[in-house]
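Only one chain is given next, in structure tokens, and it is the form predicted on its own.
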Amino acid sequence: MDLKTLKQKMDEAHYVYDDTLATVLSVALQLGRPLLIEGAAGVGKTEIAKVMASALDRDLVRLQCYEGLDESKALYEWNYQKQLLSIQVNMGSKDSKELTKDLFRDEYLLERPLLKSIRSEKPVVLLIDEIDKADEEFEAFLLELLSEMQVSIPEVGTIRARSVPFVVLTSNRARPLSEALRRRCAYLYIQYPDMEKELAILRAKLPHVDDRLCAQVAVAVQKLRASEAILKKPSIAETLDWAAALDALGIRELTPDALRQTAGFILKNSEDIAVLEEMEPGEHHHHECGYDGNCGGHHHD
């Protein structure tokens, strides 16, 4: 898929992107390179994999990483119950060597996300989410898949990819990732959107919401993220939730009252909500992006 087509597909999905992001996605796709995306929690890293699955008309296979994740949860597992049943049924009719060989046939193999993605007849988008939460041993185990597009299963041997997935790895930088992993991937770093981009996202995702309200929400979120007192910065998803909540309540003006009533949609812990309540009313939003919804000259009706 060329760059122009990819941009068109992302536009259709109402995904707001810049040229750098679109170019890196396009080239990684053409070269068959995995893509590592780093950035703070909530900047929209996972969304890129979802948008790519939609743009390429592929299934999205997701592996959520966590501490202690191992091959049995990520790659494959043997169906022990089915194997035991087979042993009981065939014990008298087969010798032990033949019986053992039979136990490791395909029908007893349980595919986990990594194996599923490379054994798929049609190419998929494989999302390895929050790789920084997995152990370094698991990261090392991934290298064969990322560089060779194959995996090794002791009882079966090497399984090569039937189709090459588009692999997206995300990291919140909870720990440093190895150079070996980084070398195998194209790289993107995503920051929180600026005022203009946040407003563009609100308009793209919530076209029915009052434009003036979207402008006020975008300003308020920028302020909250900029505040050192706010512990958990609002994500893009939370910005959208908040604007949708305000709209559902029929609110057209982001007053201090409206902000207090709906704070739970944008801030997700009591400490941050307490900080919000201590802010002076004037601090909740600037007038530099006036209440006519005209931010940076991007007015639309």
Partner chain sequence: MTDPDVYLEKLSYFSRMLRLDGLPISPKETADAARILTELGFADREQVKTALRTVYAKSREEQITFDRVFDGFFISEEAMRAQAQKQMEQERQMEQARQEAEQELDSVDLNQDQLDTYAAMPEEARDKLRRFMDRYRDSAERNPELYSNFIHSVFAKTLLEQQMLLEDAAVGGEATDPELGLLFRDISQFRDVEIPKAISIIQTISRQINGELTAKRGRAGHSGKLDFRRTIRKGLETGGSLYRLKYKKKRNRRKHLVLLCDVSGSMVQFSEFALRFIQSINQVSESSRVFLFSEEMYEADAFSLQNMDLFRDHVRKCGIYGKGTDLGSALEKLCAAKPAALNTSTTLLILSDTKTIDQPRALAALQEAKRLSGRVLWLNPIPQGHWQHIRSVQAFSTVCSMVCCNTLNALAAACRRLTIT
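Positions refer to the first chain, counted from 1. Model, not experiment: these values are computed from the prediction.
Keep in mind the form predicted together with its partner chain is missing from the figure; the text below concerns it.
- Contact here is defined as any heavy atom lying within 4.5 Å of its partner chain in the model of the complex, and by that definition not a single one of Tyr108, Ser235 and Phe265 is a contact residue.
- For the chain shown alone, Ser163 is not a contact residue for its partner chain in the model of the complex, no non-hydrogen atom being within 4.5 angstroms.
- Taking non-hydrogen atoms only, Met10 never approaches its partner chain to within 4.5 angstroms in the model of the complex.
- Pro176 belongs to the set of residues with a heavy atom inside 4.5 Å of its partner chain in the model of the complex.
- Though the partner is left out of this view, Arg183 does reach within 4.5 Å of its partner chain in the model of the complex, counting heavy atoms only.
- When its partner chain is considered in the model of the complex, only one residue from Ala204, Val156, Leu84, Ala140 comes within 4.5 Å through any heavy atom, namely Leu84.
- Checking Lys50, Arg58, Arg62, Arg33 against its partner chain in the model of the complex, a heavy atom within 4.5 Å turns up for just one residue: Arg33.
- With the partner omitted here, the stretch from 130-138, 195-203, 210-218, 115-123 that lies within 4.5 Å of its partner chain by heavy atoms in the model of the complex is 130-138.
- Shown without its partner, the chain has Thr20, Thr23, Val24, Val27, Gln30, Leu31, Arg33 in segment 18-34 as residues with a non-hydrogen atom within 4.5 angstroms of its partner chain in the model of the complex.
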